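Single chain ahead, written as structure tokens, the form predicted on its own.
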Amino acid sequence: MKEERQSQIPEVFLSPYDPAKHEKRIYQLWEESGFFNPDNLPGERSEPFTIVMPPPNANGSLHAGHGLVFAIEDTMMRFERMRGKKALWLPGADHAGFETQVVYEKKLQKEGRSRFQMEPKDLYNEIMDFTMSNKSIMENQIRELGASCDWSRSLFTLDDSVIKIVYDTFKKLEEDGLLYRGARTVNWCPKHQTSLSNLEVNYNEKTDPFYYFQYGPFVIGTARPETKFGDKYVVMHPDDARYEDFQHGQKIDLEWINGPIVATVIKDQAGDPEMGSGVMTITPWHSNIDFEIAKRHDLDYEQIIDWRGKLLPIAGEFDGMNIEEARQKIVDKLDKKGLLVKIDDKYDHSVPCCYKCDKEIEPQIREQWFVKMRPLADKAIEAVDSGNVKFVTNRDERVFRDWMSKIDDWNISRQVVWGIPIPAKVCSECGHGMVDLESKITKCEKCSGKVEKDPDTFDTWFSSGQWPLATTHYPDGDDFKQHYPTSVMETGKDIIFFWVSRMIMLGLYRTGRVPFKKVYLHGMVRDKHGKKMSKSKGNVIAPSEIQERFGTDALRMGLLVNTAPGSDMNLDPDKVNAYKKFANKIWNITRFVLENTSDMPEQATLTADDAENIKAKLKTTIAEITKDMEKDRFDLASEKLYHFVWSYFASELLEESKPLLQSGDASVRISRQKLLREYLITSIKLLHPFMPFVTETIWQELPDDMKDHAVLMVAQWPK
């Protein structure tokens, strides 16, 4: 009898589940079904559920963090699609401006080339070819993760439609008085030769010598004597009693690094009586604090260090020296002059560094385009106050509010080739900038001087900050009308400032509406010991490595179980292996149920005990899982499902059912067959958002009378 039943089940179940054998075929089935496109979904679907994919950088393969992104977002999409929503997941790829150029510069370096020896157009074209090649690889990796996004709507952040929206926003900012070009202190990376926003600066703790020098009648302190060649203003607090005899504007003759100078006394609130002697000299070109002091008092300033980190002619005999090389020599010269008072060898301080190369940032004054952020930030805070945007965790909302309350104007100019060109012209004589979308401006509006095309590109976050507008084709696209605001923005908590906050601000600015209703931020994926993954540590785990060993479903479960919103998670291959075994457990459960229910009559009915079991156990589990999913607690839902299927369904219910299936009482046997089928179908549906490949593979092998749709992806969520 057992052999007869086995012969009636699909042959595929006679061997263990093999992810590599089925996953590609199943994804092809989904794509060919057309159900990734919400316009093709079956039934009447009026309520949209929309996610805009955080576009992965098109400069390399996906990393472990991407695995978590797609596990969470695809779980959301499949859940809502099965619940009858008009589910749309908008995919895309990011040109990633500065970051991609840095990646390509490393490639050039290995080839013995440099971008500084290339024509900008040639460099751009090379990076475009490189990016398009990587983009194709990256998109296939997204497919391999099971992402049920609508590829027919895919966008690249350098597509013409995206650039048009970016240019329109740039022009509108100018018209509304929120855009200006000005000479201000920027974060300059001497290695990469570009300015960076404040968010692109890391602060590294460092111990350096701190020097005290005699500056006329005063003692000043500094960790950077190489900046002091242009110091001709000495600043003190106006209420510092120690210096009440010195008057604001007073001139003082003194000996300095390269000979006699005349210093001017400046009384300003920025002077700190509690720090050192309470007196400081200022270098406005190379310090934002000093620059602000100089602006308040209309002081002049001069560049001391060039764009490559070398001293300029103002440094006299030190002209052309690298600042690290010159530092000690400058100290030695001041010592010989009797102007070195003392040295503190253990000065602990935070040093601003480029977030990509970790080289020290050199503050420089440069003409750049800036966006006034305060008006935009206030609107974004109002949107959170009103509940139009909700953060899944209170912690993330607090972080958002804190940064938005202190926000600075945003430098959106970058001195890189790879990006969206800024549609403006700049005067070669006075530096004035003019927004020029149609290249008609020939003379400066201020001085009538010659104008030239601005060679800079936009900060990539300026364009990606408009991603929800671009992907829904604001303002006239059908998707904008039907799917904006989108339902949820799911992304890493590390880019809440870079991206999430800016999308809220720019979305509100352009449309008057928030770009998404909810913000779900996930944490970092670390190695199994809780350490940050890095190539230098040799602990990087690529999703593809895990998929090849254990299958995509196992990877997804390994990423989701016990990973609460906003929390970091440790990716342990042993843990993922447990979910490979779980996938095979589901496979074996299916085989058992099909073997033992193939002769179940169409009109099967449940006994009172089995009906009560479904009501008390199965329906309760459905309700709990659904509630967890609605609350974005995929960590709880996935763990409960694991224990429900393994510990109850497989270990208790199947064992309890074996003698009943051999019962001579037909009503008992038929009832248990019906109950097991109900458990199997429900379990597969509940697991589908988390483990789509194995569940769809099973679904395709089930008898038609067990299914409510030919494709599990659009089957009805259990109730």
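One rule holds for the numbers: they count along the sequence shown, beginning at 1. Worth saying up front: this structure is predicted, and the values here are computed from it rather than measured.
Here the subject shifts to the form predicted together with the RNA, a form of this protein not shown in this document.
Of the options Gln415, Thr264, Asn562, Thr393, which one has a non-hydrogen atom that comes within 4.5 Å of the RNA in the predicted complex?
Comparing distances to the RNA in the predicted complex, the residue within 4.5 Å is Asn562.
Tell me, out of Tyr180, Phe210, Tyr104, Phe246, which residue has a non-hydrogen atom within 4.5 angstroms of the RNA in the predicted complex.
Residue within 4.5 Å of the partner: Phe210.
Taking the RNA as it sits in the predicted complex, is Val435 in contact with it (heavy atom to heavy atom, 4.5 Å or less)?
No, Val435 is distant from the partner.
With a cut-off of 4.5 Å between heavy atoms, is Ile541 one of the residues that contacts the RNA in the predicted complex?
No - in the predicted complex, heavy atoms of Ile541 and the RNA never come within 4.5 Å of each other.
Whether Gly523 contacts the RNA in the predicted complex should be assessed with a 4.5 Å heavy atom distance threshold; does it?
Heavy-atom contact with the RNA at 4.5 Å: absent for Gly523.
So in the predicted complex, does Val279 come within 4.5 Å of the RNA, heavy atom to heavy atom?
Judged by the heavy-atom cut-off of 4.5 Å, Val279 is in contact with the RNA in the predicted complex.
Please pick out the stretch from 470-478, 582-590, 170-178, 512-520 that is in contact with the RNA in the predicted complex, where contact means heavy atoms within 4.5 Å.
That would be stretch 582-590.
Heavy atom within 4.5 Å of the RNA in the predicted complex: which residues of 527-554 meet that condition, in order?
Lys528, His529, Gly530 sit within 4.5 Å of the partner.
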